[in-house]
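Only one chain is given next, in structure tokens, and it is the form predicted alone.
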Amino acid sequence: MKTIDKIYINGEFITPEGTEYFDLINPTTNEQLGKVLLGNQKDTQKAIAAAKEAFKTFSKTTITKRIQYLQNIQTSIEKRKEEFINVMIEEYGGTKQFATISYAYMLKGFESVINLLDTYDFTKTMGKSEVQMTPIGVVGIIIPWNSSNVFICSKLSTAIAAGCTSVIKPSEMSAQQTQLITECLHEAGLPKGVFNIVNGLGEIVGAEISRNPDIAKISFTGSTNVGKIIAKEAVNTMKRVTLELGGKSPNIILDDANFSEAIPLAVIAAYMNSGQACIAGTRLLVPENRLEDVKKIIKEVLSNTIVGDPKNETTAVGPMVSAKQYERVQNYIQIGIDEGAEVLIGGLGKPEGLEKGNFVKPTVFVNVNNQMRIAREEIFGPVLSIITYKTEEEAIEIANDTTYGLQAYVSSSDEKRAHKVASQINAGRVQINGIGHDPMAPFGGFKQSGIGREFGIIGLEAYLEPKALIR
């Protein structure tokens, strides 16, 4: 049993004024790992005050100095690779495959921002005027539980690159992961107050960040419903917001695709991070006349998809993060059955031999139409809906018939055709014949998948305010 009873404010690990504890539960066994002492409103206000004071000098640091700080953090993280992987497996239930990829993405976040700083010009000429790209101020960073440290690294590295200071509210469910990254950040030797981390509940710590007038910008990743609450609160003080929210990503398999390659890839896209991913390709759009082929390949692929202990190298789907999330996914499977969709594979209940943990049977529905709740709402678990189409135009129409627009996928043996279809999808990112991540390309959503973008130049400029000097 581990007790985490410190938060990080103004360069020090301190005991919060909050008195409430949150239990940390291993999702693989549902045994208690430990507990975390949560910060309260006063703790958050202290953190914001420290960041506000630090901004006075940090905003004036040189690019060279900022790069050095980012390299220091990177070096600290590199020393503790196995710890980062193991704590994610234990506390979150992420598979070893996913935890290893996540660790690599943590480092890539710093590498890409350092490369960006080497080339970005903070002073531009526009028309006849000088335009200075100035740090926006104190940034409130609010993080979800499904890839906690990756989000901390990507958002904080961008804030540092811009010359901003930060107050971070990670998920209380990720406290052990947060403790590890905080130790690395502390070792990196940044000036006091540049980053501050307060474990706490969204309705307390997150709410204070959202309304406090000394926060200039919020960068939030999480559900659309919570994003709307943050945006409503933020507008009272005209905070800038970057909101990366939910998704219901379509995956269009065109009739000329290599199905023996595209369908296994579609399963990976649907079940990445055990389905707990906003970019998961959970709507699989296939030609109506190829449905039987698709069903056959899906069954074969899933017969070799291992669900189980996330520590094992071969495990592809681990447990849901909590018993609450498990019940949410079960409810959606029941909704799909009640709506008249047919369970091709999976269904209700836990896989045999995995009754202790929050394990869901990887489930595939067929006979799904795009108006069903399982096709319209984000489930956040290993549940895939197969929807058929007759023409390419209909596939595009179905793909775009959603309130979301975060990511999409298109597969075709004709690169030009795939590109043409991808260009018609209303999503922030469209993956063509694969699954990849470009840390220099913008990431974010259309419609209710969010506001603004992260990564690359567009992501950096979200932390900057343009100031025109007109002579």
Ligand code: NAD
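For every residue, the number given is its place in the sequence shown, counted from 1. Note that the coordinates shown come from a computational prediction; the quantities given were computed from them, not determined experimentally.
Omitted from view is the form predicted in complex with nicotinamide-adenine-dinucleotide, to which the following refers.
Annotation: in the model of the complex, residues 142, 203 and 278 each come within 4.5 Å of nicotinamide-adenine-dinucleotide through at least one heavy atom.
In the model of the complex, residue 92 stays away from nicotinamide-adenine-dinucleotide, with no heavy atom inside 4.5 Å. For residue 246, a non-hydrogen atom is located within 4.5 Å of nicotinamide-adenine-dinucleotide in the model of the complex, even though that partner is not displayed. For residue 443, a non-hydrogen atom is located within 4.5 Å of nicotinamide-adenine-dinucleotide in the model of the complex, even though that partner is not displayed. Under a 4.5 angstroms non-hydrogen atom cutoff, nicotinamide-adenine-dinucleotide in the model of the complex lacks residue 180 among its neighbouring residues. Note that among 283-291, 223-231, 250-258, 388-396, the stretch whose heavy atoms approach nicotinamide-adenine-dinucleotide to within 4.5 Å in the model of the complex is 223-231. Of the candidates 170, 336, 135, 381, 170 is the one whose heavy atoms come within 4.5 Å of nicotinamide-adenine-dinucleotide in the model of the complex; the others do not. With the partner omitted here, the residue from 102, 146, 154, 212 that has a non-hydrogen atom within 4.5 angstroms of nicotinamide-adenine-dinucleotide in the model of the complex is 146.
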